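Take a look at this one chain, the form predicted on its own, written out in structure tokens.
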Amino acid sequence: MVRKMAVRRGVSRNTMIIAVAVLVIIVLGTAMFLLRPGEKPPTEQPPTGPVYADTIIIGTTDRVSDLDPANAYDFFTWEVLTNIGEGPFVYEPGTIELKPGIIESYEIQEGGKVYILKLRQDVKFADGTPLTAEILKYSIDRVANIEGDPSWFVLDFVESTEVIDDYTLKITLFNPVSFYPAVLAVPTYFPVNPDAYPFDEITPDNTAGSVGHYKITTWVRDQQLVLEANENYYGDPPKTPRIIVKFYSDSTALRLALESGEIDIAWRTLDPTDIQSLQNREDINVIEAAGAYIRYIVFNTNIPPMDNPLVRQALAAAVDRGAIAETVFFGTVEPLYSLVPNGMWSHIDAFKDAYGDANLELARDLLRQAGYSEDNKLKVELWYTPAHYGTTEADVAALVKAAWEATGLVEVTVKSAEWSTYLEYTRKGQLMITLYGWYPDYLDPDNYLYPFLHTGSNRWLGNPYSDTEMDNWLDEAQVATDQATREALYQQVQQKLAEDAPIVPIFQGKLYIATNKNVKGVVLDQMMLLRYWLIYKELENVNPVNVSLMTNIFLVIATAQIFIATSVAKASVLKRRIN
């Protein structure tokens, strides 16, 4: 009986696969007939201007973590959320200037402690539900209630929220904060539909979205994401109605997909050698983004021996930033000696002043003070994630290991985990030493210091560090209105950061994006989030009807591929269970 069941399931699986294959053949056959040279639909009129593709395909090696704004706190997921959602404020593309988003106006009262937000009355979710002040309040309060990774944007600032009328929300802060409008622009403040997002539960694969330019129509984790224009969006429609994001295992596969025409855009992350290769091709544009992103090493001070400041200082002194910048990245990044980026006001080279670079002699001295020797080596675990930051991560980890072991007093075990697992382990505070990167939430020194060093606000890193004096300085700097005062406080913070060394900056980088020559409208500014709604692709001498037809053909094939893969996987699971 068991064998008969297995055979039936096998036949069923084969039948599904054959049916899908036949469907694809029919579609392709129809396409070949309709696209025969010289034949046009009777009602077609010759195009009078440029013809634009209705679909653009973006390839990436990055991954989506949580599609829920209450827990999402990584670069690429925020990029997706920015394209399907919008907050009270938005950045004018290509600038760092803020402008109203889902609000038509606002008032600041009580010296900056109270914000009165007047919502636009034509904002709707993708399902047609109107946005009200009550829904925005629900969304903000939900973030605070769930206490996910980015909840500090609400918990550390907001004392209360109050509905004044259907389209007016009052937000009262604990203290006036000069840059709070920039905080209101982050995805954590995007409204969500209460019917789709429970108040006390994170929904990581929720595709309901928010009130942005696009809506999600297909989501297969780590395989494909399809965005369609949100017909209920209050503003101008996207330049391209459909965006498909395809996920690749590594930089090489991403580059080959671009070169073969499988994708239109390669984004996050190409290796330095791939960038150099693509820069020499006439059919591809390589665009360089502003360099406001940083990389660093996190020491979890809750795990021995990282609770010993002498150990952290020794490892900080031994890091060879120059070797990483030149050997791994061929000079496309620059050494960094503070969490505040080079060029941003208040930046000082705190770690260079304290330790120099690749200072093995100092490192050995500090390790000996901590009780280590050639016969009693310091043993540590260094973790990295292999794809999220590109396939260079193994090389970065190898050079960090080599620098530490060059002291003769350290033994390093290198381990890795895929992004979702890496995040989970980090959030739980289980990893001793990790490699991480940071992309700005808002362009202020506060954003490069407070989320890392303030007690509780660094929960997204597993709460690796806490210091009362540091907390006080960071709190003072947030509410100070005079920039000179803030700058002095932030320099104190950076000096103490170098002294305590819970987090060690290693380099500051640029982002690169490579596109097909016909792709236009790519805007990369200091926020470094790709706005899909601005991008379009020009087509030359192409029948517009056929463009739409071929796009639908592609979607049928892509859907069939996913269906087949899913069916085979399910069948395999059933077979294993039966056997």
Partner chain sequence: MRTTDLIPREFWRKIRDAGIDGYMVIVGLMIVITAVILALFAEFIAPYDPIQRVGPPVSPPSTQYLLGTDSIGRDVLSRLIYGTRTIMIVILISTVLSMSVGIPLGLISGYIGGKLDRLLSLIMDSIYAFPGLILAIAVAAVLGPGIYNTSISLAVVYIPTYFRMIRGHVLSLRETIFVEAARAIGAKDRRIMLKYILPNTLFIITVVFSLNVADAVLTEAGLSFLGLSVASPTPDWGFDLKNGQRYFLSGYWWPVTFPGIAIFLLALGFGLLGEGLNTILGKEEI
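Residue numbers count along the first chain shown, from 1. Just so it is clear, the structure is predicted and the values come from calculations on it, not from any experiment.
If you look for the form predicted in complex with its partner chain, you will not find it shown, but the lines that follow are about it.
Enquirer: Whether residue 386 contacts its partner chain in the predicted complex should be assessed with a 4.5 Å heavy atom distance threshold; does it?
Expert: Contact with its partner chain, yes.
Enquirer: Using the partner position in the predicted complex, report whether residue 297 sits within 4.5 Å of its partner chain, counting heavy atoms only.
Expert: No, no contact at 4.5 Å.
Enquirer: Although its partner chain is absent from this view, report whether residue 330 comes within 4.5 Å of it in the predicted complex, heavy atoms only.
Expert: The answer is yes: residue 330 has a heavy atom within 4.5 Å of its partner chain.
Enquirer: Does residue 255 reach its partner chain in the predicted complex if we count a contact as any heavy atom within 4.5 Å?
Expert: Residue 255: contacts its partner chain in the predicted complex.
Enquirer: Looking at 175, 276, 342, 472 here, can you tell me which has any non-hydrogen atom within 4.5 angstroms of its partner chain in the predicted complex?
Expert: Looking at 175, 276, 342, 472 one by one, just 276 meets the 4.5 Å heavy-atom criterion.
Enquirer: Considering 358, 98, 108, 394, which brings a non-hydrogen atom within 4.5 Å of its partner chain in the predicted complex?
Expert: The residue in contact is 394.
Enquirer: Counting only non-hydrogen atoms, which stretch in 349-357, 412-420, 332-340, 124-132 is within 4.5 Å of its partner chain in the predicted complex?
Expert: This holds for exactly one stretch, 412-420.
Enquirer: Would you mind telling me if residue 417 and residue 187 are closer or farther apart in the predicted complex than in the shown form, C-alpha to C-alpha, with a 3 Å or larger change?
Expert: Farther apart in the predicted complex, by 3 Å or more.
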